[in-house]
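So this one's two forms of a single chain, laid out as structure tokens and tagged structure 1 and structure 2.
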Structure 1
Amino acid sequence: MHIHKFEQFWIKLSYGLIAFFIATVIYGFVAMDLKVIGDSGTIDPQNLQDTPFGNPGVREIIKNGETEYEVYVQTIQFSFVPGTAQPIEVPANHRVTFYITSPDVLHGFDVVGTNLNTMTIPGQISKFTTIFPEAREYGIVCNEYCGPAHHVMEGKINVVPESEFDKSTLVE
């Protein structure tokens, strides 16, 4: 079959475009070290009280000689615990690892305007680590439809300077 040379040119460019898209994704995950949420374990959503999720909040840990923070969050119709009733408070410039799960239905945990975004699934633990570079307030929204008041399900993360971080709010 004879294909017009303009069409041949265009077909080659189209294949090149696909190769370019795939190459940028590979480059991102190999050279730029981008990360996405992976598998981080399962949990019994009916029995969260005997796990760290039973006492949700911010914990301080020492890891490799550095002070880090762990945040355990339950997403419940229609709030983040903690996050909605009182903001999640963490200091800037420290590693913060979020562990999020849901005792009821599927929710989302999206830190607005950032790449921090995960589903929270009953029976699954969503885990991700980040460092907040500056002291400011971030909004959290649920971005998976979870019921009639889904649209009002929101919370806050308060990133404070290290000197102003109030350790009395930590949980054991």
Structure 2
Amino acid sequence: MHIHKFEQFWIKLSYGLIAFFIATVIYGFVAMDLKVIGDSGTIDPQNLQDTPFGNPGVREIIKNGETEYEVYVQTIQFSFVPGTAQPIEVPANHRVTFYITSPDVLHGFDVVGTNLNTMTIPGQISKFTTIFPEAREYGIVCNEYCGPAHHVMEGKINVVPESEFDKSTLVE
């Protein structure tokens, strides 16, 4: 069977691109330790008041002798609680784990200028952990269309120096 030289070129190029994309994904997961944000549990979106999401905010925990912080956030049409009316405040250079859920519709939680980004699905808890290396203000936006006022859904994370972190704002 005769295959024209241009067809051979495009077939080889296609196989080469497929191999390149597969190698890129494998390299990212193995060498760069990238992880897919997975399902961190399920929750009844109609009964969040009996869970840590009923009193959302920043909590301090001691883990392996280190002070860490957990942030419980509800994404509600069209705000982040906390985040929109009251910024999320966390100290710099501490491990911060975000737990995010939605009681109503699909939302996004994108920390602008970083690679922190997750989808919030009603009934599921999204979780990711980070360390903010410096004090600064970060914006939060919803990057999943969630309704007619989606474009105004935004919030803030204030990362402050540890010496300026006000622990009286922590929730129990």
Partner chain sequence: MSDELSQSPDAAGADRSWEERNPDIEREITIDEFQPKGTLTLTLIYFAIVVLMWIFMYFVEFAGNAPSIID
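Here the structure is a predicted model, which means the values were calculated and not measured. Structure 1's sequence is the ruler for residue numbers, which start at 1. Just so we're on the same page, rigid core means the largest C-alpha set that superposes within 1.5 Å between forms.
K.L.:
Choose the one of the two that is the form predicted alone.
P.N.:
Answer to the question: structure 2 is the form predicted alone, whereas structure 1 comes from elsewhere.
K.L.:
Using a superposition on the rigid core, decide whether the Cα position of Ser163 changes by 2 angstroms or more between structures 1 and 2.
P.N.:
Comparing forms between structures 1 and 2, the Ser163 CA shifts below 2 Å.
K.L.:
C-alpha of Lys12: shift of 2 angstroms or more between structures 1 and 2, rigid core aligned?
P.N.:
For Lys12, whose C-alpha is compared between structures 1 and 2 after core superposition, the shift is 2 Å or more.
K.L.:
When you overlay the rigid core, is the Cα of Ala149 off by 2 Å or more between structures 1 and 2?
P.N.:
Superposed on the core, Ala149 moves its C-alpha less than 2 Å between structures 1 and 2.
K.L.:
After aligning on the rigid core, report the distance the C-alpha of Phe21 travels between structures 1 and 2, in angstrom.
P.N.:
Comparing between structures 1 and 2 after core fitting, Phe21 shifts 3.2 Å at its C-alpha.
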